[in-house]
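The data below hold one chain only, encoded as structure tokens and taken in the form predicted alone.
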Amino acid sequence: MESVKSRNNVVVSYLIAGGLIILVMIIFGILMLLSQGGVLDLQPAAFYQILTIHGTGMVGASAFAAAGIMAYFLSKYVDLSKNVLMTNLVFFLIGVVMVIIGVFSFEYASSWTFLYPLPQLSANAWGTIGALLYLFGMLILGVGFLLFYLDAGRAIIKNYGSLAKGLGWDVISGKKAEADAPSSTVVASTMVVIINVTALTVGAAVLIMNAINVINPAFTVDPLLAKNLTYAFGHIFANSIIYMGVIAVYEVLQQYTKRTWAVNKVFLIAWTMSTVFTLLIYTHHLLMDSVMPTWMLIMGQALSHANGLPVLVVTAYGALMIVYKSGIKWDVGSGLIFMSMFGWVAGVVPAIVDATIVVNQVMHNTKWVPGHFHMYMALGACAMIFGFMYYLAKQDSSIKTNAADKFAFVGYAVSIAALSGSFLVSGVLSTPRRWATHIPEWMGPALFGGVIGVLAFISVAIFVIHFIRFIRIRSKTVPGTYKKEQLA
């Protein structure tokens, strides 16, 4: 049982690191919105540094915490390496420190996209050291994640024979009965392994290209190729967060409702479709690039529309059905996890709208995009992460929730919905995104978002404090008292 506790400690470390970084990133988000709203005087250079760390930190921290969810539940079915989990943790912390130093000590501010040749051609806004610290920090982060996904793939192949079988292709083809299908956790994990090994390999390639260009400007890359590689990496990796987080939806709702989440051919086909679509739809970020091949732009629109359906519909419908008349006893953890389905559905709608070429040409460079992304990520993926924090605390200790936790649940739902709405309104007003300065006509929604962001910060702070309280209680508990639902 001690080994169970030891393995769980790593997952707890993932969650606490992710939670604390998300909390700090919310502060940065508030500062940017208050500056755009005209009540805070941030210099443009400082604004773009904060923009860079906010985007990088939010996606990185959320992905790291979601990887903890995947590791926790996947370990019920396969044998993951604890050494690899620890290596990912160490690489993550090293990478985070390098990125922070590059951004704040050396004023690196290219946004998370680090679009070539911006790291090298900065008009003296930052120097070589800042760019290299950021690029190599991101590379180290990526290597840690890549080791984790390669190990997960190894374990799935060892247990099930191949990644195809991990996706249930033998069940889809009729070679095996649905009763013998892999669990929903294994299916989701297999999909994440496939897409993220691809994304991180592509990301490493473009990071190295940029780093070489910074060191030796005579080395050049085709800018369109670099942009494709960058957005393929970024879009796929960011999307994987919700596919890791949804594992908590599958596992936790089964335990709360005492019902089994059915894995049938429809479910398996949906996940296979989403695997293929997720690898291809990054092209909807390039719809404004007229030099892109026309067939790729059409594919980007068509598949982006289609991608919102398979897994989302199956999962959202499944969540409703598993809860319906189950007699579930709701708490903050299960409430957050169930609410994440709404965040996912609601966030996908404006994303699909933006992925339409004629709309994209008008809306993509406006705040409409962060509107959909905050809804999708904060009320979707992050709600899964915070819900899992409460679930794990309940499983591994006797900690109780209180009125503050319930307030945080309501506060989080209201503030994120309102914040996302303010971004969408700004998009409708044609407010450009990534601009440090707003004209008066654009300031109202930004100021509202900054104020309501304070409620989001308070709510997340309560979530994280609850988890820290759990860690303190748990450290005093003897290993033999842990429940069976833990990581095996």
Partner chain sequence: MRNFLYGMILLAFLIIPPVRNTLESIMITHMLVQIPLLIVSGWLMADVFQERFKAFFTKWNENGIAGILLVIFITAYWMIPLNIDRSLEMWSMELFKFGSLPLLAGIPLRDSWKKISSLVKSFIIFNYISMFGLLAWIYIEAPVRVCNSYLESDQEILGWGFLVITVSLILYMLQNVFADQSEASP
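Positions refer to the first chain, counted from 1. Since the model is a prediction, treat every value here as computed from it, not as a measurement.
This next part talks about the form predicted together with its partner chain, which is not shown.
Asks: Which one, 98-106, 237-245, 390-398, 140-148, holds residues whose non-hydrogen atoms are within 4.5 Å of its partner chain in the model of the complex?
Replies: Answer to the contact question: 140-148.
Asks: Does Ala218 reach its partner chain in the model of the complex, with heavy atoms at most 4.5 Å apart?
Replies: Yes, Ala218 lies within 4.5 Å of its partner chain in the model of the complex.
Asks: Using a 4.5 Å heavy atom cut-off, state whether Ser162 contacts its partner chain in the model of the complex.
Replies: Output for Ser162 is yes: heavy atoms within 4.5 Å of its partner chain.
Asks: Could you confirm whether Asp180 comes within 4.5 Å of its partner chain in the model of the complex, counting heavy atoms only?
Replies: So Asp180 does not count as contacting its partner chain.
Asks: Can Leu132 be called a contact residue for its partner chain in the model of the complex at 4.5 Å between heavy atoms?
Replies: Leu132: no, not in contact with its partner chain in the model of the complex.
Asks: Exactly one of Ala418, Val197, Leu93, Leu280 has a non-hydrogen atom within 4.5 Å of its partner chain in the model of the complex; which residue is it?
Replies: Checked against the cut-off, the match is Val197.
Asks: Which residue, Val78, Val171, Met209, Ala413, is the contact with its partner chain in the model of the complex, using a 4.5 Å heavy atom cutoff?
Replies: Looking at the other structure, the residue within range turns out to be Met209.
Asks: Even though the chain is shown alone, can you say which residues of 16-36 have a heavy atom within 4.5 Å of its partner chain in the model of the complex?
Replies: Nothing in the stretch sits within 4.5 Å of the partner.
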